[in-house]
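First comes one chain, alone, set out as structure tokens in the form predicted on its own.
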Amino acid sequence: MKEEENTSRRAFLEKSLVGGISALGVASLFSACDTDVKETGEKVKLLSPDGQIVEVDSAYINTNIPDLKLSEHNIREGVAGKKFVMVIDLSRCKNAKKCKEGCSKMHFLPKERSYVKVEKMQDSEKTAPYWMPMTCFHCDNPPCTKVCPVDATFKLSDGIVAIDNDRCIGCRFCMVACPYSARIFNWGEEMYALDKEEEKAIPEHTACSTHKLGTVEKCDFCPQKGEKNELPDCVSACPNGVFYFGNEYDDAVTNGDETLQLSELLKTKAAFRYLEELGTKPRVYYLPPVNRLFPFKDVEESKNS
């Protein structure tokens, strides 16, 4: 029985080191597969790469987190005097996809990839469907930052939840913790790593994604725009004024065509926050899809019909 346990343990560790969460992440969790390690008898339950719960002696767990460097520039303070907030008017969205295109261009992403999602929503079978754009929600109580073992994702003073791609080890715990599925992983996107000119376009003190292979990234609210009092490209690219963006300290948001008082807008338009009951306190508000500018039209369904 003892020999079977050791064989099972070694097989699990070897498999984990090859195909676990990430090469660096798994290597940092486990000690080397050394048969000379003195077992303690204390068992720790772990999830194997193939989804099985296994027990490993605690002697084989390496609890020392590697001393990873912080980014050379300070990206953790946020833009001074700002507290960014977004309001999305669901009655205006017709899924023109311009917000996604603007995001891709702003962040030097391939055209087919964007930090913005536009989901088809329908609250019940008797109600009409509508389009719902979704960015990162930059929560004031973000669960993603609480699970990161190396402090690679954090909350800034300007409201933005940011990622330090120089520090991220690719464990993807933050992706699991995010209830909005706002984060994406760079499996093999080295082909669009920033070149020298693109790197210069990003101010050193703002927390923008840098497309490092094997790290997590997401919507960052375009802080390099916000510090210059400019709108994120998802906002300015939308032809229908769906997105409003601004500084909560000014109590004002704008979609580029009209500027409104934030507090009054939220009250009079019955604004809500997505999955409010989770207590994440998102910095993105929605206005209900009433008195719509456009009838709902599912482009994908019409193509298939």
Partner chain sequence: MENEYKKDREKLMSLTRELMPQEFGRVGVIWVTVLLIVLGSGLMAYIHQLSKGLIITDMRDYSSWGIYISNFVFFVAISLVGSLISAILKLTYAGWRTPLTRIAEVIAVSAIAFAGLTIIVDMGRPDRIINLFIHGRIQSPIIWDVLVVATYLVISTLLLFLPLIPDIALCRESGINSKFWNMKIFKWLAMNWKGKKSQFFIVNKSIKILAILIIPVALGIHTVTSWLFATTFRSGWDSTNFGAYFVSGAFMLGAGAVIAAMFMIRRQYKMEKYITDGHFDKMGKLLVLLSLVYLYFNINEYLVPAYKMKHGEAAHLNSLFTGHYAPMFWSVQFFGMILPILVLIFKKGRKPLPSFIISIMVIVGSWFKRFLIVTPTLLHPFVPIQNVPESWKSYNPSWEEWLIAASTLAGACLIMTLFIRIFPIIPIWETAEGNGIKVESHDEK
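Positions refer to the first chain, counted from 1. As the structure is a prediction and not an experimental result, all values here were calculated from the model.
There is another form of this protein, the form predicted in complex with its partner chain, and it is not shown here; the text below is about that form.
Quiz item: For L213, is any heavy atom within 4.5 Å of its partner chain in the model of the complex, or not?
Solution: L213 belongs to the contact set for its partner chain.
Quiz prompt | is_contact(S181, its partner chain) in the model of the complex, heavy atom dist at most 4.5 Å | solution = Yes.
Quiz item: Does any heavy atom of T145 come within 4.5 Å of a heavy atom of its partner chain in the model of the complex?
Solution: It does: once its partner chain is placed as it appears in the model of the complex, T145 has a heavy atom within 4.5 Å of it.
Practice problem: Evaluate F108 for contact with its partner chain in the model of the complex, applying a 4.5 angstroms cut-off between non-hydrogen atoms, and reply yes or no. | Solution: No - in the model of the complex, heavy atoms of F108 and its partner chain never come within 4.5 Å of each other.
Quiz item: in the model of the complex, which of the listed residues (D140, E77, E119, E230) lies with a heavy atom within 4.5 Å of its partner chain?
Solution: If I apply the 4.5 Å criterion carefully, the residue I get is E119.
Quiz prompt | Single option in P223, G159, G102, G170 placed near its partner chain in the model of the complex, where near means a heavy atom within 4.5 Å | solution = After the contact test, the surviving option is G170.
Exercise. Name the stretch: of 253 to 261, 38 to 46, 233 to 241, 272 to 280, exactly one has residues whose heavy atoms fall within 4.5 Å of its partner chain in the model of the complex.
Key: Comparing against its partner chain in the model of the complex, the contact stretch is 272 to 280.
Self-check item: Stretch 225 to 253: residues contacting its partner chain in the model of the complex, 4.5 Å heavy atom cut-off
Solution: Heavy-atom contacts within 4.5 Å come from no residue here.
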